[in-house]
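Encoded as structure tokens, the following chain is the form predicted on its own, with no partner shown.
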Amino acid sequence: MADPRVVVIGAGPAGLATALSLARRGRPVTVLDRDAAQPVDNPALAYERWSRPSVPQSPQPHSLLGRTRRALRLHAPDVLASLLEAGAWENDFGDRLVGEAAGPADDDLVAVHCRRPVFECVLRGAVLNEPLATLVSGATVDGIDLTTVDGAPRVTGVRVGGATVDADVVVDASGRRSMVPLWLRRSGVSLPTQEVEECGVVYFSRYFKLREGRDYPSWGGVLGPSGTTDCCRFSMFFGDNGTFAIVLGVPAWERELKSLKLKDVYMEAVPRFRSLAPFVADDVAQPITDVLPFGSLQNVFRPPLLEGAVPVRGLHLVGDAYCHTNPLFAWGLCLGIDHGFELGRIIHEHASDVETQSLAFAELTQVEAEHCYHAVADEDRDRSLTWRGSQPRGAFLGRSFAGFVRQCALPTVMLDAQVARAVLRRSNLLDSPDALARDDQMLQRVMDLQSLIPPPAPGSAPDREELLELVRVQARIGF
């Protein structure tokens, strides 16, 4: 087929990247968005103006890590430039922490700080400007049409409101709650067994905006103040246009700590973290959202092949529909954007052969996606066990590799440029998640630095009992 009919389900970052990649290669593409049309005339106002009920994570904090910046720089430099014009800013931690240890491949050790709707607004605007891209809003997909060719299922279209949108290629970019696997199983299609593991954490975040004339307080760390206590993972997410979000992640099983969803409890807790307190001072910043809970999180990996074969010809999974991991790592956005651009290229290069498309995409992405899934699932499991008082044991200074990264490697980033380079390339997905584990020289370097790690300052962050007491006190006074 000279021009395959390509339909993308979902207009999030992965779906938009796929569409942009195809359209700019001269391929027509239709994107089906469940939500109503969103205004794209002013990206800086997108956070306040956009309504994305089908994307509950949209208002939550996000980071565009080095892998995402690289994908934009290579495939859509105009999108990156427009994003910066809209008020996003670049955090060059390669220059700040790696310095002379950086190599020629380290130019993308840079994060782009902005809120997700601002990023999506710029990306959506780029897609809408492409004559060959059609974005259909308010399109609720309720099924996939299939036929059988040579004994194997093949997509023929997408069902929307009782009608069928004909398609030779369907890209499922509908996110972590994708219904496509369920529809296929109901049609009798055999699919690979997906891997699933609970994240074990609930996040409570709130966005703030600097007051006029104020700048961000001085801060340390890579992307901002952050750390892990005996019951909490706290993080700063810088945004565009003087905004930032503070995230408190607590064990999913600690019912009392879920009171952090109440703004008075949350605002009482945040200043107890010494590195976060300057940011929430009344004369520095003001809240611009309610507290945003985010729970019921899972790590999910859906293998693209079944025993080495394509399960459904003409169907591709991308973004969170393919591999969904704990959002605190920001790896899902990295993979979704990069995979979307690459999938567009692969569809273009193998336009007449849907089976070759799937095999090429799987060869390019499957190993890394599976490594990402296991790395994050291992970290979530290790952290959860540690929070329960059962430190997992292993071969890395007596810890599992996940515990070694969190408790030993990350604290040495600020002490050694070579370690910083290795750890930051991993955390930005510029290297494979398992690259550090295979680097014996770097592992030894991390081990040798352990005695130089300064102990946490007394009172720098509340422990579990202090947080629980805070919650109980607030409950007694009526919040």
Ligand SMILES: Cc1cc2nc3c(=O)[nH]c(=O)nc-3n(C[C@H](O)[C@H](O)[C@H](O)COP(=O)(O)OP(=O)(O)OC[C@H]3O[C@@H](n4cnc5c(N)ncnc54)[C@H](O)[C@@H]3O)c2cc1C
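Just so we're clear, the structure is a prediction, and the values are computed from it rather than from any experiment. Residue numbers here begin at 1 and follow the sequence given.
We do not show the form predicted in complex with the ligand, though everything after this point is about it.
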**Heavy atom of Y373 within 4.5 Å of the ligand in the predicted complex** = no
**Message:** Within 4.5 Å, heavy atoms only: does G249 come near the ligand in the predicted complex?
**Reply:** no
**Prompt:** Quick one: does Q60 come within 4.5 Å of the ligand in the predicted complex, counting heavy atoms only?
**Reply:** yes
**Message:** So, S174 and the ligand: in the predicted complex, are they within 4.5 Å at any heavy atom pair?
**Reply:** yes
**Request:** Assess the spot marked by G200, A377 and P433: is the ligand within 4.5 Å of a heavy atom from every one of these residues in the predicted complex?
**Result:** no
**Request:** State the residue from R381, R206, R116, H75 whose non-hydrogen atoms include one within 4.5 Å of the ligand in the predicted complex.
**Result:** R116
**Asked** Pick from R425, R70, R27, R52: which has a non-hydrogen atom within 4.5 Å of the ligand in the predicted complex?
**Response** R52
**Request:** Would you mind picking out the stretch of 267-275, 92-100, 327-335, 362-370 that comes within 4.5 angstroms of the ligand in the predicted complex, counting non-hydrogen atoms?
**Result:** 327-335
**Message:** With the ligand taken in the predicted complex, which residues across 126-144 come within 4.5 angstroms through any non-hydrogen atom?
**Reply:** A139, T140, V141
